[in-house]
Structure formats: C-alpha cells, structure tokens
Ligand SMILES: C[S@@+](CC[C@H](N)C(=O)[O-])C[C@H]1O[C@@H](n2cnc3c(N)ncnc32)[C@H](O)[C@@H]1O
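Single chain ahead, by itself, as structure tokens, in the form predicted on its own.
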C-alpha cells in the first residue's frame, strides 16, 4: 500500500512511524493515471431529472454493511425511487437503499427509514477496523460516521484498565477496545434489549467474550447496583443527553478519578469552548473536579451550524 505524503517526513516523524510500522520505506513513486472514472449521481440521473433538480442531489450517504442510507431533500421526494435505483447502479455492493424518514428519537435512539430501492431487511454485517458488527438499523442505534472516533478512543486505552461504555448499543467502542487490548475489562451497557442481544452476538463473532460484560438496563440503575467506583474510564456517547448523566458517570469512576469521554451536540459560534465549559461545570456539580482537559474536537456536523463534539477529560 502506498500512502501519499505532502512533504518529506522529518527524522522525528520517521522514528514515530517505526514504533507502529516496523516495515516501510519512504520513496518517490510515479502512479499510473486512472482511466476508469467513478460514476456519480449526475452521470446516472442527468437525463432522468429536471435540470433544476440535479443540483439538489445528495452529496453524501452512509454505508452500513451492504445497506446505503441517504437523506432525500423535499425537492426530490417524487424521485426518491429513481435516486435509490441510481445508488444501486453506482455502488455494486449495496443491496438495500434506505431513506431517512425521521430524526434519531426516543430512549432507544432509533430512526425511521423508508426502503427506496433494493430488497431485504435492514439487517446487515458492518466491518470497521478489523471488527464485524451485526446490526439492524430499524431496531438499534448505529452510525458509521463515528468510525474514526471508535478508533481514537480505543487507541488511548491502557493495559489493565476497566472501562464502562455507558451507552454501548451493539458495541462499536467496546468491541474495538477489547479486540486491541487483551488485558482490559469493559462493561458495555445499553437500555435497548435488542441492542444488547446484538452486542452479545458481536462479542461472540469477534471473540472478545473474556473482556466484555454486556449489561441490559438503565445506566443509572446498573451503575448504582453493579458498577459504582469500578471504572478507570467512562464513555458517554449519548450527545443529546450526556450532560444529564454526569452524576452517574462520576459515580462509575474510581474514587481517585479517571478519564471521561464526553459527547454533546453544540452549535455555533464556539462549539468546542462551549462543550468544554459545560463539562467542567457539570462535573463540579457532582462533587468532583476536572483535573485536565486533554482533548476537545469536532466529531461530525449534524445539522447546519450544529456539531457533535467530544471532550476528553481527566477527573479527580
């Protein structure tokens, strides 16, 4: 595999690469020009849509296994099946095309979908970072847009840690952590019993049963009864309501403290600063303090001028 570089790496960067890539070399390489151009919506639908609607075609979609998820703008409502068939033509590995029919709602964080092309159920197997996840998009919460965040958090885990994944769903944080770190204990909790059934299936599929304890129930009750004071690290991936569970997260951490990965939806003008301030204030209300904020970042845009933000903090 060739990885293009924008500049010649410094000696310090070479040394850093050697720690994770023992076999590599930096060299000049002339790539052959690609002759096959990827199909785009405009190529397939240019003659099937009125010219003024071509500009409204979606620029992006999500792929979960062999299922494509797309957002159809109101202007294209009458042409949604046509758009769905175009997705199947462009992306040969896609079996089913779903259009979003609602926002993520309810305690179980579910979204309604409409099938606009293809056949079968919205149940599939999604793969990322060497892990596989059985998932039914109509019954459980799952977002492929968090793939990089799963990797970022998993890369921070230290040997011997105990992690509480407070809103685990089918296990994308928990399973990647357990897959990469053999000497960790992950308590993966979700209130949706169907999500926990898929979580158990995924634990078995990825051979991480020794490292993950799947738990079904409300996280407040689960922490109160089983997980108070056990965690070196908590993951709070419930951005719409995570702040409301700060007392539970603080209770799950060991008495001496630990690390918190906190997520929330925040708008402009200063989403990063706002999320950091909210975290610090919420932690104080639990009787603990933020020792250090190690990272604040934008995870993804969720709407115009609205973002999912993550704050990593050391709590004492």
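Positions refer to the first chain, counted from 1. Remember, predicted model here, so these are calculated numbers, not experimental data.
What comes next is about the form predicted together with this ligand, which does not appear here.
- Taking 79, 141, 113, 198 one by one, only a single residue has any non-hydrogen atom within 4.5 Å of this ligand in the predicted bound form, and it is 141.
- Though this ligand is absent from this view, in the predicted bound form it lies within 4.5 Å of a heavy atom of just one residue from 131, 153, 238, 227, which is 238.
- Of the candidate stretches 91-99, 69-77, 202-210, 165-173, only 165-173 contains residues with a heavy atom within 4.5 Å of this ligand in the predicted bound form.
- This ligand in the predicted bound form is not approached by residue 117, whose heavy atoms all lie more than 4.5 angstroms from it.
- Interface membership of residue 123, defined by any non-hydrogen atom within 4.5 Å of this ligand in the predicted bound form, is ruled out.
- For the chain shown alone, residue 146 is a contact residue for this ligand in the predicted bound form, at least one non-hydrogen atom being within 4.5 angstroms.
- Using a 4.5 Å cutoff between non-hydrogen atoms, residue 219 counts as a contact of this ligand in the predicted bound form.
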